[in-house]
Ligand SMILES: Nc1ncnc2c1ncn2[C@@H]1O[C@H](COP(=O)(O)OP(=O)(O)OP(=O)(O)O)[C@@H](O)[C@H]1O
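In structure tokens, one chain follows: the form predicted on its own.
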């Protein structure tokens, strides 16, 4: 399957506009109904003032210049000055107002989309590149904002001007007005022909921009791997192809637009020529005054300005429609399925929580087929420490993922204190279950902010807890203590320091069940000893699940569950499993042999 087709939000309907999308967009504008109505009112006033200009000019010619009446000329000139001044003032106020509406709409859409993205299941992020999602939140929403701040209200004004000009023309001279109307079918044909092509080009531009963002995000995030494996030249070549693809689409759009504008100008010239030819003949035969002819020519000149403006706004409209389809398509992505039953008796609190866990015949697959957990069943008593052991790919991490409901199981039941976890709200579930993974994610900020996750906690309480766990050496290493700045993803920290933050973070969160997934892997010996001692203190009086390849870290556990290819093959204490001579016994012998070789 084509990789691009995998992302459903990139498949756009081939329609000039989507009624559902328009309705959704208007719902955001309705939040600012008063400002919108004020803008429309000012558009009506400025349209009337705009139409007065050519009429006053023609009136001055017929009743002032031709008759030599200076008073009429002075009054007409003063009226033109006043109307133009008032129109310009209203245009300034209107511009500010519609720009404000556009910015507020952008804020609302971005906040709603960000909130929705946070509710999406982890499986969604497994399949969709971060760069594409960022494009929705930035470029696409900016295009929608441009529609409101520089598009909709202005187009309404342009339409009013076009209608007003034709009304004024028919009032002045119906025959000349009909002559002008003859060119309109040509404009419609040109607009439709170019419009469909520019629409598709706009959508392709947005899609290919998302590809650029996705590729940039992936490569910048993985820059260490790129440089270690000398991928710079190959990645440059690939990006050059993606970038050139985007350029070609932009050039195609520019080509359409470059031809479109002169075509409209030619139709404008044709209209002026027809009116001048017919109007001059009528004037020479005495059926038309010079003032009306001049006013007509001014109206024709003014008529094609809003038409050109609508053409430009049409491009903004098409870009905003393409972006809206993407943004609202992302909003339609189903949020995490939550089977919460509103029953206060089944709510969990840390105070009353015991920490009993039971897996009953669990089957789980990440993509709906190809089960990675197969009929898994086990029971953990409150306060027990249990280790999950098995070779890579045996299903250890998958068990922690379904227990925290990052993914939903397909078959079976997981019980927490005899309650089906699908009947527990996820927020409450994750308050009582804490996870420290091997891949620690750190935010750009201070050490304090990364430990507290921006929650208000006193330094005294934080440092007291860290000192009680014997982890103060990690704080002492930091140049500025809790105020030490952490780079993005913890790039300026060692593995041990990152793991210290992850463990401290979970302690401050104070869950009743702690899951430690390879919490001491790739550490120096001193850091490992400190973290191991802290883990033993943390897991006292708590239910704990440990995943580790180093079997020395799990020997003190109450129970060891051995997994192989997604199935539970045995469980028991360390001594019991060694006596049984099963898979665990084999793994332990291999581990001891490696330890002897390493120390030899």
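Residue numbers count along the first chain shown, from 1. Computed from a predicted structure; not experimentally measured.
Separately, the form predicted in complex with the named molecule exists; it is not shown, and the next lines address it.
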{"query": "Residue (of 114, 454, 366, 441) lying close to the named molecule in the predicted bound form, criterion heavy atoms within 4.5 Å", "finding": "366"}
{"query": "Residue (of 391, 228, 280, 472) lying close to the named molecule in the predicted bound form, criterion heavy atoms within 4.5 Å", "finding": "391"}
{"query": "Option from 483 to 491, 428 to 436, 165 to 173, 397 to 405 whose residues, in the predicted bound form, bring a heavy atom within 4.5 Å of the named molecule", "finding": "397 to 405"}
{"query": "is_contact(residue 126, the named molecule) in the predicted bound form, heavy atom dist at most 4.5 Å", "finding": "yes"}
{"query": "Partner proximity in the predicted bound form: residue 574 to the named molecule, non-hydrogen atom cutoff 4.5 Å", "finding": "no"}
{"query": "Interface membership of residue 372, the named molecule in the predicted bound form, 4.5 Å heavy atom rule", "finding": "yes"}
{"query": "Contact test in the predicted bound form: residue 63 vs the named molecule, heavy atoms, 4.5 Å", "finding": "no"}
{"query": "Heavy atom within 4.5 Å of the named molecule in the predicted bound form - qualifying residues of 466 to 491", "finding": "none"}
